[in-house]
Ligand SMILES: Cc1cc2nc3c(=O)[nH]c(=O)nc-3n(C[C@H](O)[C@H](O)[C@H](O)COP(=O)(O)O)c2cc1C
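Shown here is one chain on its own, the form predicted alone, set out as structure tokens.
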Amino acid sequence: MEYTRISDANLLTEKYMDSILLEERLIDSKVADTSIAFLGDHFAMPVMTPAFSHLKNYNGREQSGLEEYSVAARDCNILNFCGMMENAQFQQIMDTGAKTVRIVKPYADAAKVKDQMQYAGSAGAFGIGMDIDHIFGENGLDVVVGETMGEQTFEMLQSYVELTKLPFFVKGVLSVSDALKSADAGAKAIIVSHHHGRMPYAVPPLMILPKIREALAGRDVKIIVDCGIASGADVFKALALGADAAAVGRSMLPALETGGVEGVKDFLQNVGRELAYIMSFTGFSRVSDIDDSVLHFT
């Protein structure tokens, strides 16, 4: 049979995630509790929304998709994320009442980065951050909706962290090196991600996760994982391999497009229910108890 090369990091990620199997531990197991403490707050489950940008108003509904999934996050009591937008639109997200982290693009214009981060703080954001995996594009620096991105040094990242007392999130960490630099810069959380496969052959987040967890031991830095997270089983595997939480991604879009707020709520609650179901089947009653002892790699 002729070998077909696969450079698509999304396919590689799905293949790796699906290669991880779970054993059952039923005797003495209990009904699971998915609630978590996270950066000084409490949430219903270790499931978070993606940092989406540029979502339209679906099917003529009044609110944009960004606002709709934020309302769903609020109602489900989970941490919400949003991505590239101007300050006025971010204020609309904050007006939903969702506890939200604003992920700012690595603009070449450092003044714009600082302005958006400072605005997020004044608007009552839960946290702020930057997606470092959008620095580069195929022709050098990335250009997003007409905005040129810029190279980001450790010193620049550290200066952003020092802008605020809010927790700082670095999104797009896919190596021990960047995880340690993020921690050294003062980040309180990292998101292990390849941003939907922006780089060919990018390592699956769950594959690099255990090394990152080990490297950050004792550093008091929370670890979130995204890319390909579509079910409670995916979340469970991420937690077992060392994550504190996992963010769903494009798997949420069909529910958002067709069902709006209620569609996203149903989707998120189904993910949470499956997570609790698998926790009970594997003998873990609390999220903090989950470890990799039930995982089998094929």
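All of these numbers come straight from a predicted model, not from anything done at the bench. We number the residues from 1 along the sequence you see.
There is another form of this protein, the form predicted together with the ligand, and it is not shown here; the text below is about that form.
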Quiz item: the ligand isn't shown here, but in the predicted bound form which of I103, I224, A72, L79 has a heavy atom within 4.5 Å of it?
Solution: I103
Quiz prompt | The single option of V261, L241, I36, L55 touching the ligand in the predicted bound form, heavy atom within 4.5 Å | solution = L55
Quiz item: Is there any non-hydrogen atom of K181 lying within 4.5 Å of the ligand in the predicted bound form?
Solution: no
Practice problem: Check whether R250 has any heavy atom within 4.5 Å of a heavy atom of the ligand in the predicted bound form, and answer yes or no. | Solution: yes
Practice problem: Evaluate K112 for contact with the ligand in the predicted bound form, applying a 4.5 angstroms cut-off between non-hydrogen atoms, and reply yes or no. | Solution: no
Quiz item: Does at least one non-hydrogen atom of N10 fall within 4.5 angstroms of the ligand in the predicted bound form?
Solution: yes
Quiz prompt | Partner-proximal stretch of 263-271, 232-240, 44-52, 25-33 relative to the ligand in the predicted bound form, 4.5 angstroms, heavy atom | solution = 44-52
Exercise. Between 60-88 and the ligand in the predicted bound form, list the residues on our side with a heavy atom within 4.5 Å.
Key: G83, M84
